[in-house]
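Just one chain follows, in the form predicted alone, and it is written as structure tokens.
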Amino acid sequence: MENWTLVSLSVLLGLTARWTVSLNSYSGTSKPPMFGDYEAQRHWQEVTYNLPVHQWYFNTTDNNLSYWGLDYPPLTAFHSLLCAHIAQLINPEWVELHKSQGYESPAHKLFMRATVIIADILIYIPAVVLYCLYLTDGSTRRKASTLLCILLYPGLILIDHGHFQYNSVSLGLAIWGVLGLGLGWDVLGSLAFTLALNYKQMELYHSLPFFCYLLGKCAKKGLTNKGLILLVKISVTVVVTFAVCWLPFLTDPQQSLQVLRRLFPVGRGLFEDKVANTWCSLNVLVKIRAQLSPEAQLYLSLAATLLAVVPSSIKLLMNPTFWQFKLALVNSSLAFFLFSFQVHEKSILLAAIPVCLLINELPLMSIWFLLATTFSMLPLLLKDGLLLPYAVTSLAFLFVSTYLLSALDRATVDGLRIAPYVRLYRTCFPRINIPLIVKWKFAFLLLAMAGLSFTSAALDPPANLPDLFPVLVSQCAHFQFLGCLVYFNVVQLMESPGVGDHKKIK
């Protein structure tokens, strides 16, 4: 009984945080002509409800793609259609073709907010609950503490319930995939991840770890015996799931090609806005987009991403344990965010959720990274009027997670899982206390993020440097992301086979 009481309390607190943040305004409120991401989600409901499937991704007189045209895979469109049918039953004006563009009302805001909360309740929260109960170590209290910390992660709450999106659907499905693999249900895990990929194409950030883990596991079982049977089952599951999701678009090759063009708009360039990745940070010193052709930029980002992700992927392929898989998810998604083509600031959530899954094992570094991911989206949050929710949720997450998970006390050589690295490092610098340095860096960068948050909100930038604060925010976050990429790769690559993994291959 105590177990379910603690779990229920954690879920209730997580839902309360979400609903409280949702009481604020949303992206693009009363800001024509595009209004913002809230209007994008509403507009997709309008389009999918009123137009036939074969027009959803094409530019027509009834579907102006320059006004929030659909640019996500079919499952997002089907989700929009489902919400549209419910909206039509409540108030047809919400999805009326053309006339509903820019629609704003308290009732509609309540409806849209409710759809995100329901998506959390149906998909994201159950996956996190089951993951914490079955795939984390420790007492019931420790499992409940881990659950509460993950549900209080401010980045996802602020973007989905403040800014307004449905990232919890694809990320929740990805966690279901992780859960399936962790419990040895590889076919079901593959099904869940394929659904995540068919909801948002950015789940490609996680695809290499899923592929390498499953292939490595099949190889361990023997590709001429049980491993071959498992590989065939997984392959059939993935192909059939893709086929079902894309079925309305497979009858005409032009339909499929148009969907792909919408999913991967390479014409948008290397990066947008002041995102905290490598290319945007380098652009401060070297104007990459002005000096390289679009094709060269694409090849450069592809090469850099592969170089960053290959070591982690090879280690996972050779040693396919669940612990290695979780670390590879972090390293792959963070490498994609830092080096891939056409990255948005909100894409950092794809690295944040795998780190959430490590918060019980690596509390201090996970808390640090998750706070930095939220900070990296500060310019967007300020634009949406989310300064107070940002400050409150970030401080609450910092204090709750640090206290409940004893993050500072567990920041030892063994707790940070860097013993092989420390032994190597101390051959040259025997007196260096690395855990103490990590704690001081954590404190210093917390103060730096707090200071930049305050100045960004309270001060006006110089007239000749209007983007000064967003650039400083992105540079500060990028510095931390690079450090975390090095750290998580060190933990994965330098760990002996089998060490730290309580879930063996089944």
Partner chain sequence: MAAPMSESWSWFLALAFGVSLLKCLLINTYHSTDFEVHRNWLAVTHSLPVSQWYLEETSEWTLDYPPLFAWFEYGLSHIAKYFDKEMLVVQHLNYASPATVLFQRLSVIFADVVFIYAVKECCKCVKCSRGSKDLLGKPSFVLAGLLLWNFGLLIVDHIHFQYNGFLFGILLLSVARHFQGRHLEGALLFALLLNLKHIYLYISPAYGIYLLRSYCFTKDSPDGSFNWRSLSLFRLATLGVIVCSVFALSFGPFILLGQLPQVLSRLFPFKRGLCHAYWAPNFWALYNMADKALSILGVKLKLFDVDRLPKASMTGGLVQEFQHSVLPSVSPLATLICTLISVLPAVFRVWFRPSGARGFLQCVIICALGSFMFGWHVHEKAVLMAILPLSLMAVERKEDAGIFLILATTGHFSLFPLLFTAPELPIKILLMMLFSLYSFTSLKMLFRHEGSLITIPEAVYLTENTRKQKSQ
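Positions refer to the first chain, counted from 1. Everything numeric in this text was worked out from a predicted model, so none of it was measured.
Below, we refer to the form predicted in complex with its partner chain, which is not included among the displayed structures.
Of the residues Leu133, Leu228, Val392, Val244, just one reaches its partner chain in the predicted bound form with a heavy atom at 4.5 Å or closer; this is Val392. Between the options Gln324, Ser340, Ser332, Ser145, the residue in contact with its partner chain in the predicted bound form by a heavy atom within 4.5 angstroms is Ser145.
In short, of 247-255, 262-270, 231-239, 398-406 it is 398-406 that has heavy atoms within 4.5 Å of its partner chain in the predicted bound form. For Leu110, a non-hydrogen atom is located within 4.5 Å of its partner chain in the predicted bound form, even though that partner is not displayed. At a distance threshold of 4.5 angstroms between non-hydrogen atoms, Ala17 is in contact with its partner chain in the predicted bound form. Among residues of the shown chain, Arg141 is one whose heavy atoms approach its partner chain to within 4.5 Å in the predicted bound form. Although the partner is absent here, Ala290 sits far enough away that none of its heavy atoms falls within 4.5 Å of its partner chain in the predicted bound form.
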